[in-house]
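One chain comes next, on its own, written out as structure tokens in the form predicted on its own.
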């Protein structure tokens, strides 16, 4: 028996870093996907093949002893084999068109699609059960994950997320496009997050004001999304980037890309941790191609994306 599942990547539209301190973030799933297939095998092995490498291990190894970015898949397969009390193995194949390590939710999409495909070999789990498993798996690589990325990869669409109350769907289908550009600057999420923490500790009053500004901005954005006011959303993108500059997660390379985006789109900003990784430029159909051409002419790595409203898909 073989099962298959796919899950989308994600973009943080507004609220990154501030979400750690109680402000809402707005995320959306994007139409770039990870597809995972799983099948039972007679040999008691967990075999994982992907475009970033392979892993072949016997079941029941301590997860702490596995030094591989594929260990969330091992965790999922091993846990499900234990739960089902099965003396068999599982073969897993992973295909992804989401760039890795640049804040676009590739690991979360892997965990969601992996949880769905492997679970489906033995049962018909609900999306809620798959999400719970996916977050567990993601914690093997990001111990302090909020679960926001796995959530949007599971359900798709646009959502508000805050640490206290979880997620709320924004029930609208705005027609914007995103041009996502990779700075090709390596960054450490942990060190960037630590830098923001230091900024907060050294500038308590200013940081508190920024959190209040961001809260109001997110509230305004939720309304604009429902009204599909893309130009006004672009102004909020620019405003949010100013706050991210203030807390110190930008650099000259990111600023250079954002300046190009601001000239040709409705607004551009960092998405994710910052320090490197990606920015997005907000467009509609009319200025999409022109925006793309400006990054293409400068030899940046980029792709166009739309909101994925489907979320997890099993087949």
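Here the rigid core means the biggest group of C-alpha atoms that line up within 1.5 Å when the two forms are laid on top of each other. In this text, all values refer to a predicted model and were calculated from it rather than measured experimentally. Residue numbers count along the first chain shown, from 1.
Another form, the form predicted in complex with a small molecule, is not on view; read the next lines as being about it.
Every member of the trio 16, 142 and 187 reaches the small molecule in the model of the complex with some non-hydrogen atom inside 4.5 Å. In the model of the complex, residue 304 stays away from the small molecule, with no heavy atom inside 4.5 Å. Using a 4.5 angstroms threshold between heavy atoms, residue 103 counts as touching the small molecule in the model of the complex. Residue contact with the small molecule in the model of the complex: residue 12 places a heavy atom within 4.5 Å of it.
For residue 267, no non-hydrogen atom is located within 4.5 Å of the small molecule in the model of the complex, even though that partner is not displayed. Remark: of stretches 55 to 63, 269 to 277, 254 to 262, 38 to 46, the one touching the small molecule in the model of the complex is 269 to 277 (heavy atom within 4.5 Å).
Taking a 4.5 Å heavy atom cutoff to the small molecule in the model of the complex, the contact residue among 86, 222, 235, 146 is 146. This chain lacks the partner; the member of 193, 121, 211, 170 within 4.5 angstroms of the small molecule in the model of the complex by a non-hydrogen atom is 193.
Once both forms are fitted on their rigid core, the CA atom of residue 188 lies 2 Å or more apart between this form and the one not shown.
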